[in-house]
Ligand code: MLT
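The data below hold one chain only, encoded as structure tokens and taken in the form predicted alone.
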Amino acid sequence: MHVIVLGSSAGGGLPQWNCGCPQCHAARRGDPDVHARHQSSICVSADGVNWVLFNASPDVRSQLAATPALWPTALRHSPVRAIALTNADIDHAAGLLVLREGGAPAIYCTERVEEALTEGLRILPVLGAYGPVHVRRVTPGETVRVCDRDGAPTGVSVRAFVVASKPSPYMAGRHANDPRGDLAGDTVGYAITADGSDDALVYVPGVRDLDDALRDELSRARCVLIDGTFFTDDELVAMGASTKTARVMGHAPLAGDTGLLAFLRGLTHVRRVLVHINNSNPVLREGSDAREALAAHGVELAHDGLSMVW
């Protein structure tokens, strides 16, 4: 399994275009303790040749250009053979429009994500004007062998699992009477394996509720890339940037007795790496108390370009 973190930041990246928070200010000044970051995405391959992109951020062009393993090897070619989406948030799906030339790679997503991209953002109908669109549904709980748009296997398999989060803001209220609520498949995590292997990478860049079902998924993994968006629940409120808490925005905070760091404490046999870090999060500064808290729990902070092979 080959894994590359293409983007380790939450929506807006670091620095965010309209943000003057301490981390964004430091990143603009070139502070060596705060590194600029692209918006959240990873790429996975079973052979180092055929790659599956997980989430297509608005930064996807720069991400692919910065990653030699993903450069074309022919006149019209890309090693990115398919894309799997965890949700339909703009920071995870807008990059599909960047990949329109010649037709986008095969797209794997849940029914609710496909609906959002069809009726909400209308990305899929727009892509259809540039070439065939190959959307393949993933059903939570079922393992799927990921294939390219021509049906050739990539060597990567995925099993989606539902996590409690929230619909994308532009879809809010459309399914108010759905009894499944926040577990309807608007957001999923993925257990990712090379075909024929049980050695899983679990990717969960967005999650609100830390429950037994999630712990069970994480406990079976070799490595976990998981939502580290906010350090505290009132992070944005305390700095005057928003009236919404982390949990209202669909993310479990890192700190506190019910936070992610405490939740991960018993999973010491699993490599635990935080992704999707918001620009407000103090863990972004090397040497900060928040960064020291990660180290004390044995939890890593992803960075753009982080590469893992096993």
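None of the values given here were measured: they were computed from a predicted structure. In this text, residue numbers run from 1 along the sequence as written.
Note that the form predicted together with this ligand isn't included here; everything after this is about it.
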Residue contact check: residue 10 to this ligand in the predicted bound form, 4.5 Å heavy atom: yes
Residue 241: touches this ligand in the predicted bound form, heavy atom cutoff 4.5 angstroms: no
Distance check, residue 166 to this ligand in the predicted bound form, heavy atom within 4.5 Å: yes
4.5 Å heavy atom contact, residue 89 and this ligand in the predicted bound form: yes
Contact residue in the predicted bound form, chosen from 255, 249, 270, 36 - any heavy atom within 4.5 Å of this ligand: 249
Contact segment among 125 to 133, 106 to 114, 140 to 148, 89 to 97, judged by heavy atoms lying within 4.5 Å of this ligand in the predicted bound form: 89 to 97
Residues within 4.5 Å of this ligand in the predicted bound form, restricted to 271 to 294 and counted by heavy atom: 276
